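What follows is one chain in structure tokens, specifically the form predicted on its own.
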């Protein structure tokens, strides 16, 4: 079955590399910017738009979410990534789990549809990872953690044991969330923050 990467930005290049590490070569990349059609990322051509993909039968193609995010103090920046996933998932398109060959994933980890685990990431036993979650380069998700749908655990971030991360949460690069802490939906954890207590939904943890 053919696999198409949606969006042709920086994160899409990382997704393509993760697929190639598993011996999977995407058939194409799609991007809403028509000016990019004909270019290539990671040696894979941009052949059309999202609308062109929607003309393909949902049971004949698999998709990978190549859209990243940029968080700010008051916004996880994940709405676009979530909307892209939902647009296709609601029409029956499948998003397989993508894990770089260098990622370490315990045997009993639960990974939701479209979850992405990038190079050098580690996910330990009894962790549950939701749909469309991005566990980015060298991030660590320790035992018994729960990561809600559409969240992003950024490069080098560490979730210690039993952490609970809500939907559409951004945990910034090299942040550390300590044992048992709960981070509510839509919250933002700043890069480099050390989170020692629960964070409310839509809240912020980091330097003021």
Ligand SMILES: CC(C)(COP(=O)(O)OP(=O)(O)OC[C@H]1O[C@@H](n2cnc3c(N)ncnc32)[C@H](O)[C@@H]1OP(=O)(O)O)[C@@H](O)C(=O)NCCC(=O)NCCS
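Residue numbers count along the first chain shown, from 1. Owing to the predicted nature of the structure, the values given are computational and were not obtained by experimental measurement.
One more form of this protein, predicted in complex with this ligand, exists but is not displayed; see below.
Next on the checklist: Is residue 207 part of the interface with this ligand in the predicted complex - any heavy atom within 4.5 Å?
Outcome noted: Contact with this ligand, yes.
Checklist entry - Would residue 155 count as touching this ligand in the predicted complex under a 4.5 Å heavy atom rule? => result Within the cut-off, so yes.
Item to check | Non-hydrogen atom contact residue 150 with this ligand in the predicted complex at 4.5 angstroms | outcome: Taking the distances in the predicted complex, the answer for residue 150 is no, it never comes within 4.5 Å of this ligand.
Item to check | Close approach of residue 172 to this ligand in the predicted complex, 4.5 Å, heavy atom | outcome: Residue 172 belongs to the contact set for this ligand.
Next on the checklist: Please tell me which of 89, 113, 122, 71 lies within 4.5 Å of this ligand in the predicted complex, judged by heavy atoms.
Outcome noted: Contact with this ligand in the predicted complex is made by 71 alone.
Checklist entry - Picking from 164 to 172, 24 to 32, 41 to 49, 58 to 66, which part of the chain touches this ligand in the predicted complex when contact means heavy atoms within 4.5 Å? => result In the other structure, the partner sits against 164 to 172.
Item to check | Contact set, 97 to 125 vs this ligand in the predicted complex - heavy atom within 4.5 angstroms | outcome: Sequence-ordered list is empty.
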